[in-house]
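Take a look at this single chain, the form predicted alone, given in structure tokens.
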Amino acid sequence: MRTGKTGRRPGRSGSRERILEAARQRFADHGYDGASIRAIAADADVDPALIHHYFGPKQRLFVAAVELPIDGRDIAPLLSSGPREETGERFARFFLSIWEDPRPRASLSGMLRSAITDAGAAAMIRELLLVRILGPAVAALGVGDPELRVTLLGSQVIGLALLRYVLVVEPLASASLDTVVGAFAPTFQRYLVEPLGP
């Protein structure tokens, strides 16, 4: 039965999933500011009101669409599962393996693009990355200055992801995984478990 207003599909099975998929693509391609609710609704072939019904305001749709593929509680056992002197390398391989997978890369790229252009999105990403992902992982290592270490680590992973996967800056973008791991592992090692300085 048609609504008589927009000709778009009313809510039905699969609508929520189509909205999320359309939102992921829009946020990845256009960032937070450039992804309007109306455009996402058009891509998903639903009425814009249905997006509000399922998710509320755009900020909540963004968080739902990002669909983080990692949790800090999952990283902690990985970091402590081998020799302490190899913690940085384990973290580097884990982090890069997520970005090398095309599906999470689309959502994560959208996150970074959005953080650059929108203060609200940047605040959400700080919460997701620093508090929910890196915070628990660093805290589980039992090292001093965990808050400083989390922000230092965040500066490296965001910079690496931005240049290699979002801006595609060469030769970093096409460097082999082993090359990138070898270059970043010592810095990750220092930020994770070694003394930071006087």
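The first residue of the sequence shown is number 1, and the count goes up from there. Fair warning: this is a prediction, and the values are worked out from it, not measured in the lab.
What comes next is about the form predicted in complex with a further copy of the same chain, which is not displayed.
- Message: By the heavy atom within 4.5 Å rule, which residue out of Val63, Ala42, Leu130, Ala49 makes contact with a further copy of the same chain in the predicted complex?
- Response: Only one option qualifies, and that one is Leu130.
- Message: Since only the chain is shown here, I'm wondering whether Gly144 would be in contact with a further copy of the same chain in the predicted complex (any heavy atom pair within 4.5 Å).
- Response: Output for Gly144 is no: heavy atoms all beyond 4.5 Å of a further copy of the same chain.
- Item | Contact label in the predicted complex: Thr187 to a further copy of the same chain, heavy atom within 4.5 Å | Thr187: contacts a further copy of the same chain in the predicted complex.
- Message: Whether Leu108 contacts a further copy of the same chain in the predicted complex should be assessed with a 4.5 Å heavy atom distance threshold; does it?
- Response: Heavy-atom contact with a further copy of the same chain at 4.5 Å: absent for Leu108.
- Flag Ile116 as yes or no: does it have a non-hydrogen atom within 4.5 angstroms of any non-hydrogen atom of a further copy of the same chain in the predicted complex? Looking in the predicted complex, residue contacts with a further copy of the same chain include Ile116, since a heavy atom lies within 4.5 Å.
- Message: For a quick check, can you give me the residues of 157 to 175 that have a heavy atom within 4.5 Å of a further copy of the same chain in the predicted complex?
- Response: Residues within 4.5 Å: Ile158, Gly159, Leu160, Leu162, Leu163, Leu167, Val168, Val169, Glu170, Pro171, Leu172.
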